[in-house]
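Take a look at this single chain in structure tokens; it is the form predicted alone.
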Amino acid sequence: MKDSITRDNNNIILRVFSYLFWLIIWQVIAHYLGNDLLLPMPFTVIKTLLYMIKQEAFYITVLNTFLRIMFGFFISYIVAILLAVFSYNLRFIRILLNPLISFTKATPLASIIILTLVWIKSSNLSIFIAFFVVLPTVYTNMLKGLENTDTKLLEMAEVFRVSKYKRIRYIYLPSIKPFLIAGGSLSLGFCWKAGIAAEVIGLPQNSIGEALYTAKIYLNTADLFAWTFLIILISMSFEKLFITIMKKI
């Protein structure tokens, strides 16, 4: 027990040290350049972020982007799971969906964003792009989880006439859970990147993408770094929360 606690403490210390190391590298490079337009110092970025937090518009902007991207993520996550279940049970559905999944994996994101702008409003663009990015990853992982289910356990359940509910709970769920967590964790990072990229191109009002574009237009590098840092923070925090919830279910 003590060894485990010591190991956890050492990991935390190493993690903190790694972040400090890269902050120092950033500080040294920024100091060497001596130009906030090219690379602002960490303190300048933190100061800018603290100033932004005091503005009411900041929370509206963050909330709008967060709700859009997360809505796209959860809808896609549920649809991907349902499609994987149908594909697992019906070979025809799997064959039918294969071209679509291959298409979503191979198509350049920029092309999809520009094409989608022709069909839907810019305010809904990040929802669709988040959906588009998440679908193939979660679908593929879910399908792999189902296919890796122990066939011997399924045969035993069939012999002993175990109910479908118990089969799902005690055989299928333990098999697919690691795949669902991995798929969700991986797709969340892509989801935020793609969603913000869609907002930068579509420029919906009161969005993080619009704020990033405005910072770029006015050459406000400190704002650009502050918003980027915030995106990373939100993405990482929600990913940790998602994994924790999934592990406890």
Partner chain sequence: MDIILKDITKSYDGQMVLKNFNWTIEENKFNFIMGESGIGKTTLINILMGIVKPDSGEIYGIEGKKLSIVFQENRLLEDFDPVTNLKLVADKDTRDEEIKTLLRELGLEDSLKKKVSQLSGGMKRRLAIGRALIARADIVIMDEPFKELDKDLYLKTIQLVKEKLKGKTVIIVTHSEEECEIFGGRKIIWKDIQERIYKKEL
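All of these numbers come straight from a predicted model, not from anything done at the bench. Numbering follows the first chain given and starts at 1.
Beyond the structure shown, there is the form predicted in complex with the partner chain, which is absent from this document and is the topic of what follows.
Listed stretches are 126 to 134, 157 to 165, 68 to 76, 111 to 119; the contact stretch with the partner chain in the predicted complex is 157 to 165, by a heavy atom cutoff of 4.5 Å. Not displayed here, the partner chain is approached by Y170 to within 4.5 Å at the level of heavy atoms in the predicted complex.
Using a 4.5 angstroms threshold between heavy atoms, P99 stays clear of the partner chain in the predicted complex.
Within this chain, L146 is remote from the site of the partner chain in the predicted complex, having no heavy atom within 4.5 Å. Among residues of the shown chain, K152 is one whose heavy atoms approach the partner chain to within 4.5 Å in the predicted complex.
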